[in-house]
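Just the one chain here, laid out as structure tokens, in the form predicted alone.
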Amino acid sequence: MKRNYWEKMAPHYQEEIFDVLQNDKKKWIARSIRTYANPQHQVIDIGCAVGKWLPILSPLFKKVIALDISSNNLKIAQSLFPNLKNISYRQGDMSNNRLRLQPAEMGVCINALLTPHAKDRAIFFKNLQRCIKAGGTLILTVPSVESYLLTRIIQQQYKIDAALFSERLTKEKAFQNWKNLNQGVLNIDNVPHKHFLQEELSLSLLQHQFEPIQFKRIEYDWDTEFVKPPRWLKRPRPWDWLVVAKKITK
């Protein structure tokens, strides 16, 4: 997704984009932030969008850099939280090699590493490496390939929301979906988003000087995946991956 997509999405962000903060029922992300926060440190909210995490971050850190690809998102965030005085807003694209940020002691990146293009993801990881200080902490959430496949298996086996999953594909579209699946690029509301295997994410982080120290499943209710989930469908639940990683010191 390029900048123009998010600029157009900004006025509808609250209604259209999945709210991780509200759906993280066990508050694992907020707990992780509080565990590693330091009032003398600076944090970068990477892909802050309309700023839902800023009220959590602001009291815990000396300074918060709110970074987003969309200037419209940043304007909305500023209008929503004018009382947060230690926030610095910055428009920038993590998939741009020319992005330069002052390194911080912590980075928080909540479902922002979604680009379907491998080249852009490689740059994104390099920028993560650049913007976190040695010994610093990265708190990252991403969509899970395993969860996506589990959802599709359950849907097909029990014919859940059958009418919504009955689209007939051309050979070309089916082949493209198959190619995307092999790269973990899967559709959410007909928009391709990168999803990650746990092992894949761990490897990518290690290649960019981050040592994963904790993985968690951010579990959601089944009504986030289906319009009419059966009442008996409780566990396992769909999930995103949360990883806490430390920047390796040389």
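Please read these numbers as outputs of a predicted model, since none were measured by experiment. For every residue, the number given is its place in the sequence shown, counted from 1.
Not pictured, yet referred to below: the form predicted together with a small molecule.
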Open item on the list: in the predicted complex, does every one of 53, 69 and 93 come within 4.5 Å of the small molecule, counting any heavy atom?
Closed with: yes
- [ ] Spell out, yes or no, whether the shortest heavy atom distance between residue 111 and the small molecule in the predicted complex is within 4.5 Å.
- [x] yes
Open item on the list: residue 73 versus the small molecule, in the predicted complex: is there a non-hydrogen atom within 4.5 Å?
Closed with: yes
- [ ] Spell out, yes or no, whether the shortest heavy atom distance between residue 218 and the small molecule in the predicted complex is within 4.5 Å.
- [x] no
TODO: Report yes if any heavy atom of residue 47 sits within 4.5 Å of a heavy atom of the small molecule in the predicted complex; otherwise report no.
DONE: yes
Task: Proximity to the small molecule in the predicted complex (heavy atom, within 4.5 Å), stretch among 61-69, 210-218, 33-41, 183-191 - done: 61-69
